[in-house]
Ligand SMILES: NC(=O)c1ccc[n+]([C@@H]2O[C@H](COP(=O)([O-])OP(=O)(O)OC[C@H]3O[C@@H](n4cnc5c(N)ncnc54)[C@H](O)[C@@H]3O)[C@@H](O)[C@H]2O)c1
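Next comes just one chain, in structure tokens: the form predicted on its own.
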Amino acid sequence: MYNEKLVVAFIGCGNFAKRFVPLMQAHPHVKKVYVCDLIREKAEAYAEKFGVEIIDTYEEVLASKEINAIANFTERHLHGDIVIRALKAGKHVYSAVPMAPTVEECQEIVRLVKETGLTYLMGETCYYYPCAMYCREAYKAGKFGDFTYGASQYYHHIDTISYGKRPGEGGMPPLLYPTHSTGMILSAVGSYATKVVCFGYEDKTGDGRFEKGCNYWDNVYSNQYVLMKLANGGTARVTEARTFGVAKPSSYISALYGTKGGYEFSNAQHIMIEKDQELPNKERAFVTDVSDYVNPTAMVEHKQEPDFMTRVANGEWQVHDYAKVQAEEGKRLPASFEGLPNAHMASHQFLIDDFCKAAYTGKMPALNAWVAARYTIPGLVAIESCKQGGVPLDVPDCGDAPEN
């Protein structure tokens, strides 16, 4: 099962997957890449662009003795079925987010990974966002003390999301796709949600998306806001918004607080506020501007220009360029990745390297099935809370990942 080079089939040949094919092809643990899509023309376009072979159906992928891994880039609400079938067929799985659209499917994926010993990795880009990496680093260093409260969000207008205009899918409940927000804040404080309460904004545009009878879920909420009680005693607020927040960055931690310090972010400024330990009985604090450490290096180079804030708000410099906080992590990437595409705050290369190394060596990846469940399930439970007018609901937990 392990110490074998990977033969990977990409399932779904849309706009997102094409950013990952060259990385998978270039990784030293990968032998070959195939592509598969229900729309033949899409698969043919990939075959021509990347020089890969086509497999006509997913059933053929599952039956193949040569293919030992899949990269799932299908529609979000199909992930559970696609992943479960792959694991049952003995394939390692890299999957785009979210883990699955139901709690039961998330639990089944965890069960299958535990039973088979196969590698599963959920490709949560925001785990490697500079703000999340900085908050993990600062929290581990004790700068926050005990975690008390934090807030994270994914502001992405529905008109700018790929599924936004697809019939039936455009009105998907925002918290079915929660992991960009949950992945940042939960990873930062190393905890998980035990209870949620959620409210939503009922869309009033009448555009045929967030309306009953117009989407697969009869969902009317275009924005959802959830408070999560965490196992470590703190509280987190997560916002998933689809009809506001056109400005960038779309995903970020806006605040993280503890008994000793706090982190705050707005547009391009990241600050750390810490209690002065030399004066424990006084309300004194010192502030450190960590913007140059957390912002992408290309952004830092332009910070003195008059239109800097406007360019930041419009998403410039937030795709390929590393931030200083990511530099140490970047040292472990294979040399074969140099010059290849990267995106989503330079997270793609980290994710593909994580998967390939885990699937080759058998080492548990950071974004394993147990972690993926903890990032996904709170959102699914919160959807039910929202439907019930904000009733507090318990969040089932799959436990910690087994140690390597």
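Predicted model, so just to flag it, every value in this text is computed and none were measured. Don't overthink the numbering: it's just position in the shown sequence, from 1.
We do not show the form predicted together with this ligand, though everything after this point is about it.
Could you tell me which of 333-341, 62-70, 372-380, 31-39 sits within 4.5 Å of this ligand in the predicted bound form, going by non-hydrogen atoms?
-> The contacting stretch here is 31-39.
Applying a 4.5 Å heavy atom distance criterion, does Phe350 contact this ligand in the predicted bound form?
-> Looking in the predicted bound form, residue contacts with this ligand do not include Phe350, since no heavy atom lies within 4.5 Å.
With heavy atoms only and a cut-off of 4.5 Å, decide whether Gly14 touches this ligand in the predicted bound form.
-> Because a heavy atom of Gly14 falls inside 4.5 Å of this ligand in the predicted bound form, the answer is yes.
Contact flag, Pro98 vs this ligand in the predicted bound form, heavy atom cut 4.5 Å = Yes.
Interface membership of Ile82, this ligand in the predicted bound form, 4.5 Å heavy atom rule = Although this ligand is absent here, Ile82 would touch it in the predicted bound form, with heavy atoms inside 4.5 Å.
Name the single residue among Met309, Leu78, Val246, Val287 that comes within 4.5 Å of this ligand in the predicted bound form, judging by heavy atoms.
-> The option sitting close enough to the partner is Leu78.
Taking 4.5 Å between heavy atoms as the contact cutoff, choose which of Tyr177, Phe144, Tyr192, Phe265 touches this ligand in the predicted bound form.
-> Of the listed residues, the single hit is Tyr177.
Run the contact test on Thr102, Lys165 and Gly171 with a 4.5 Å heavy atom cut-off to this ligand in the predicted bound form and return yes or no.
-> Not a single residue of the candidate spot has a heavy atom within 4.5 Å of this ligand in the predicted bound form.
Who in 100-126 is close to this ligand in the predicted bound form, meaning a heavy atom within 4.5 Å?
-> Counting only heavy atoms within 4.5 Å of this ligand in the predicted bound form, the contacting residues of 100-126 are Gly123, Thr125.
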